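In the block that follows, a single chain appears as structure tokens, in the form predicted alone.
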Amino acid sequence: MSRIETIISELSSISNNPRKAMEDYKKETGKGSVGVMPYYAPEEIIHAAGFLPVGIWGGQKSISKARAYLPPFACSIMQSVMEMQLEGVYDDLEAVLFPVPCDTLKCLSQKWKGTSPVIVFTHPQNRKLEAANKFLAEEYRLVREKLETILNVKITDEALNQSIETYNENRKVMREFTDLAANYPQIIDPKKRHAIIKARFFMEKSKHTAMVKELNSELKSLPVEAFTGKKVVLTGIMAEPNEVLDILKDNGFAVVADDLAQESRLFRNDVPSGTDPLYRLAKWWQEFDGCSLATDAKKSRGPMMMDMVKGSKADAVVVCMMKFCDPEEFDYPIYYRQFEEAGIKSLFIEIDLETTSFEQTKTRVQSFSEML
């Protein structure tokens, strides 16, 4: 097995087994983990406390208990998170950090039944005002105070600034990885690409950075692969279950870039420089654009994706539409029209973590491949 294959295998194993990653971290450091709900929570505050931030994105499973707490039109991420926390999956977490940028997250934050304490905070949506930065910095101050109380630690500004730099280094390395992966679509197929990115939810960031940096170095030593299939950009909340990514691979598609909330949106921008760490984290939210969950009066998501298609020389965009995700559904008609006007082809597929049959998705992808 080559070093590239070894690194990919290790990261894939971590992404598929977050509980083991949590247990290994506790053995190494003596400290536990703090859950982080989607989307765009300030993980750096948890990292500065010395605890492991763990992403909570649900999973592929049938829903039964959650029906008593969430309406059937809640997205499957939140349905599966509710189902799993009712089963006690998240009870080993020291706390759960809960941003609430959509209505379903607001609902779920009030109905959490697990034993872990919940820390809820709000992102301002009138984001371009200076007052928004001050408001969010104050929200983050309250988050820090609550974490200090729950975890019985002191989170200093110095530690927080160091954690921000650690995360910025990871963001930089991940941007380099996604650029390199586009040149090696057979070594880094859609599922492997996703696993490498997803592993960062369950690893201390400097360790993830070191592994991906080594992977990048190994990839740079190889000649660019010749690829006869079609190249696509993914957009949406997520591209799970993995069966969706397998279907793309089986039909000759390579993912050369993405605009996914679970993936590249998280490391698209660095946290800006400054001395006040909480204000720096708040400023990141103000400067962040191109997401349905971050209000953008200029609707820059479409042009951003068109630049992504051009820069990556992609043949099309695959819209991974999370079923019942209102913010994403509201954005779709706007950027779809922009794609049509620019002559960019796109495919709409529905994402649902409760799905067990993928024949419809397979048929749509096969037909799209033939059209291209």
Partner chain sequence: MFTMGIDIGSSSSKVVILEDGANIIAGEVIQIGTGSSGPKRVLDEALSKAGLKLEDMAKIIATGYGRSSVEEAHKQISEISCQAKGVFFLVPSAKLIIDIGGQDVKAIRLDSKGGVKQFFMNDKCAAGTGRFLDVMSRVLEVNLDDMAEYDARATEPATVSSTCTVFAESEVISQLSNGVAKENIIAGVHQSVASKACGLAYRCGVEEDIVMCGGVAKDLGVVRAISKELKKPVIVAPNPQITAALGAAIFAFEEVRGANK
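Since the model is a prediction, treat every value here as computed from it, not as a measurement. Positions refer to the first chain, counted from 1.
Beyond the structure shown, there is the form predicted together with the partner chain, which is absent from this document and is the topic of what follows.
Comment: the partner chain is not present in this chain, but in the predicted bound form one of 308, 347, 322, 56 has a heavy atom within 4.5 Å of it, namely 347. Heavy atoms of every residue among 336, 340 and 360 are located within 4.5 Å of the partner chain in the predicted bound form. Heavy atoms within 4.5 Å of the partner chain in the predicted bound form belong, among the stretches 308-316, 327-335, 24-32, 63-71, to residues of 327-335. The closest non-hydrogen atom of residue 5 lies beyond 4.5 Å of the partner chain in the predicted bound form. For the chain shown alone, residue 355 is a contact residue for the partner chain in the predicted bound form, at least one non-hydrogen atom being within 4.5 angstroms.
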